[in-house]
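Just one chain is shown here, as structure tokens, and it is the form predicted alone.
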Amino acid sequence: MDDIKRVAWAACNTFRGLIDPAEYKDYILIMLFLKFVSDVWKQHLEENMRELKGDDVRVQRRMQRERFVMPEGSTFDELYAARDADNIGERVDIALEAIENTNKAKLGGVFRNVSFNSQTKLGETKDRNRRIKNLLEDFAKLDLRPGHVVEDEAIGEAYIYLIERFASEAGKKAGEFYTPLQVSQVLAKLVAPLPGDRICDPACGSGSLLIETAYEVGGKDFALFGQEVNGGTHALAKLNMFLHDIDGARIEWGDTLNNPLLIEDDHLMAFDVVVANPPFSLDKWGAENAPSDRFKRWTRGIPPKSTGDWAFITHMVETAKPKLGRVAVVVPHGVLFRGGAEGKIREAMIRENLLDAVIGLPSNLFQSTSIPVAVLVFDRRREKGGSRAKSTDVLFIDASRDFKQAKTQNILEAAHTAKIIDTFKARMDADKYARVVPAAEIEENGFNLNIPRYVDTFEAEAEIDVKAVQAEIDQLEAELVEVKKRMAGYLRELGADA
């Protein structure tokens, strides 16, 4: 897998300085995808030719039943052979369109936002052709045939790795498509999906959080659903699912809050697990449409039009299965204590006994923001008639001080994640770290969930020995006098004492 990472990352040099990482990531990831499906197709074709002793009719019939079909003229090898053509950008676009049209059920729309023939993005014809030729030659160095050079899961892992690297370079724009792996792992373990579960991310970005949550099941017995408003990121998510061999995932393109597309029998689909890292405090999220919402999601109140945090949270809770569903969502700290309409929605959620835990994470975990964030866990099994209806307290965890400081970002290491999850499962007080808080106490605090109100992390400073400090000052002053004397002597010897 290291070869894939190295070659793909080196191929980025073709675009650096020309367009932003948030844009050239699409060209790199699509070329990786094209090389992978072409190599798999080529290997299966060779195997079938051997097995069927060159009977072309039977071979072609069998190839049409493959997981995907590569139309003639669309493989990487065919494009590589034509790399010196004057219209190589156009040829790549035609090949991608043919692949998409031939495999619409799995790949419909994945290439809609990228053109290898774009003068705006890739320059005049001569420069554009040179760049695409470089790209083809870089990826020609890889052998992505299954079982040959790479393990089956390596291509999916490489895809995630590249998205993470692109997120690091993209800075603030990374928030649109990537949730750091360490944060995804925390959310996945908090909701603990089970075999057979329906799992949804209504703001799924590139799908990495959704895939990490699916991994937690420990097999293939799950169903994944997602919706993403950004067309390019939606395409990334579909490719991500394909490269992780998750063909059944349903990823919709559209605005979850104003036009939810995961519908079943004219109702919002209901899920066992809902996770998300939605945009923080989204302005103009669509509050004006809320009163006429046909799914009546905003019965607890309509969040302010300038901050959509509680709009996403409400949607997630409403799409979790009644008396069964679990929800984990990343939020900015303002969600915990802001008043007005947000305060009323927060109060309603707590009075309905839906809130299960509030977990504070360290600052600077994300590429897109350095602010500290929190995770809210809701559990609809706590509703009346649910299996946890008798649990009425809320667990607060302050994990904000547990991290490893890296060059540009803080990191949650495995031990930090394990401590959060162990504490969540044990649901017990831990000195200066966690506390199980009765609902009555939260009500006394006006339904304010600010973590320091409930978890005391104050560390008393050591008592200062004033006499020792004064003695140290006296010694330093004496040493300074001695140094000045020596310095004056040196200057006299140099004749520079005037």
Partner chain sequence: MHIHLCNERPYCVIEFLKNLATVRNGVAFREAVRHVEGAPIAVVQAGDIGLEGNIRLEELLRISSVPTQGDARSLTPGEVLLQSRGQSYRAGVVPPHAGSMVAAASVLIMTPGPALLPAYLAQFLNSPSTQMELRARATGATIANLKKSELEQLLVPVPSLGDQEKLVALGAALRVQLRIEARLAELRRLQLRALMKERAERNRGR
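Because the structure is a prediction, the values reported are computed rather than measured. Positions refer to the first chain, counted from 1. In this text, rigid core is short for the largest set of C-alphas that superpose within 1.5 Å between two forms.
Here the subject shifts to the form predicted in complex with the partner chain, a form of this protein not shown in this document.
Asks: Under a 4.5 Å heavy atom criterion, is I473 part of the interface with the partner chain in the predicted complex?
Replies: Yes, contact at 4.5 Å.
Asks: Heavy atoms within 4.5 Å of the partner chain in the predicted complex: does Y161 have any?
Replies: Looking in the predicted complex, residue contacts with the partner chain include Y161, since a heavy atom lies within 4.5 Å.
Asks: Look up in the predicted complex whether E463 has a non-hydrogen atom within 4.5 angstroms of the partner chain, and give yes or no.
Replies: E463: contacts the partner chain in the predicted complex.
Asks: Indicate whether the partner chain has at least one heavy atom within 4.5 Å of a heavy atom of V469 in the predicted complex.
Replies: Residue-level check for V469: yes, a contact with the partner chain.
Asks: The partner chain in the predicted complex: within 4.5 Å of a heavy atom of each of V40, R61 and A389?
Replies: No.
Asks: Which residues in 377-397 have a heavy atom within 4.5 Å of the partner chain in the predicted complex?
Replies: Heavy-atom contacts to the partner chain in the predicted complex: nothing from 377-397.
Asks: Once you line up the core, how about Q470: does its CA shift reach 2 Å between this form and the one not shown?
Replies: After core superposition, the displacement of the Q470 C-alpha between this form and the one not shown reaches the 2 Å mark, so yes.
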